[in-house]
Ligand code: SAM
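Have a look below at one chain only, the form predicted on its own, in structure tokens format.
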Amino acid sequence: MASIYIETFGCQMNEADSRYIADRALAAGYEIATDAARASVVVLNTCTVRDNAERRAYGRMGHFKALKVANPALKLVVCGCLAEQDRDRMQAAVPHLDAVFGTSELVRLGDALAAWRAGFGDDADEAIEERALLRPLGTAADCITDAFTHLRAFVTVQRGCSYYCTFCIVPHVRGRFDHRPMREILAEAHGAIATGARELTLVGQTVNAYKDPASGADFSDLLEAVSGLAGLERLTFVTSHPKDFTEKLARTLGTLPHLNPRLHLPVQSGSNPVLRRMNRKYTVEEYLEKVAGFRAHCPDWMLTTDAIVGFPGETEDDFVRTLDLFERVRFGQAFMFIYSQRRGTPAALWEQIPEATGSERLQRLADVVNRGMRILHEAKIGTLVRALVQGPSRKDPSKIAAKTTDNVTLIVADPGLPQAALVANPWLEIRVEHAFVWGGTGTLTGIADRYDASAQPVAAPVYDLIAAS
């Protein structure tokens, strides 16, 4: 049977694009492979926002050459931001690639998959030695369709960005804002709900800058429209920009009951001079005003953010201001990075901060963030919460992982229920008992078919201690 293997690097936009690729492949008659060595097509969906992701992507291209040598019929494809940035040199640098597709060429990639499908037989029984080629190298398959995949769906509302932060390559590889018509978004969201999605995520590089090309409706209007779809259970979105976080949007967030209580609002730095050099288009004071307006309408929501340390020209005083901001605004989670030079961006040409300085600052900021996260997670101890099942825990498949609506990971013992029962009743009622920086653990007390439905009690697992001894 023809199959496709997908690895994704980078942000939620790439995750959404990988889901589109997987859907096109499934529609063309492919299966989703869990092992690259058994796939007919291998796709690397790449990122170029950070140097590490770029190096990893080129490293994986090199690793996959072994498969191409063993099976010349294999199609090796690269897409995404790195493919857009390096399209003129990538195929020359990596001659065993079969195709390179830029960020605006997903439809062409889908068409290519459909065209290639006829060339793959349905008796793809790969040799054991071929399947072993990549095992020592590690794999990270994405878009594997399992029993729980359909419970969450990404719906892209815009592509590109027009803000040109001096550290960011996105506008150069994804282009300026390109907003999808609201009618298309609503149709896709409706289709996802109809096929079992319990949680929708609206995705955009700067999602709250959305404008419907036909009517001019803004992101608040879009949220209201999606929230009105029949059958919707939960709705969330990423990623917002402080510049476009308005009083209207804060008010809308506080009035729509289907919204997950979590806002991701990247601050990047707590220093105004650094924000100016970043071209972030707001000051620290304006950011704090936005947070205050958000809190006035959504007092119980989780606030998460992004931060970059070691940006060119960042002084110790600049960094201390960032620490002070993070102490003042207790974020529920923060994605923290040492600044990484990106070819084609203004900041890449400026004098750089020593790597050791960036690493030391990152650790100091992480200490502040981790203390805050643990405190927030500890506040859940003793409470009953609803969380959407993810499936077996990656670290311990004998346990079940789930995500609360404010994006906290919870791990519980496998209740021993048939998988079909968890799929039909994917909302877990969990008594939180232990808290950690990454999330928490607890006891599963019930399951429900809908977020707002009463939970069916679940008995705690019974262990045979005599047999286990």
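One rule holds for the numbers: they count along the sequence shown, beginning at 1. Not measured: the values here are computed from a predicted model.
Keep in mind the form predicted together with the named molecule is missing from the figure; the text below concerns it.
With the partner omitted here, the stretch from 66 to 74, 406 to 414, 46 to 54, 424 to 432 that lies within 4.5 Å of the named molecule by heavy atoms in the predicted complex is 46 to 54. None of the heavy atoms of F294 is located within 4.5 Å of the named molecule in the predicted complex. Within this chain, Q268 lines the site of the named molecule in the predicted complex, having a heavy atom no more than 4.5 Å away.
Put simply, F337 is close to the named molecule in the predicted complex: some heavy atom of it is within 4.5 Å. In the predicted complex, Q333 stays away from the named molecule, with no heavy atom inside 4.5 Å.
Highlighted residues T236, N260 and R386: none comes within 4.5 Å of the named molecule in the predicted complex, counting any heavy atom. D306 is the sole member of D324, D306, E378, D178 with a non-hydrogen atom within 4.5 Å of the named molecule in the predicted complex. A heavy atom within 4.5 Å of the named molecule in the predicted complex is found for one listed residue only; from W116, F101, Y287, F167, this is F167. In the predicted complex, the named molecule lies within 4.5 angstroms of a heavy atom of only one residue of 274 to 305, namely R280.
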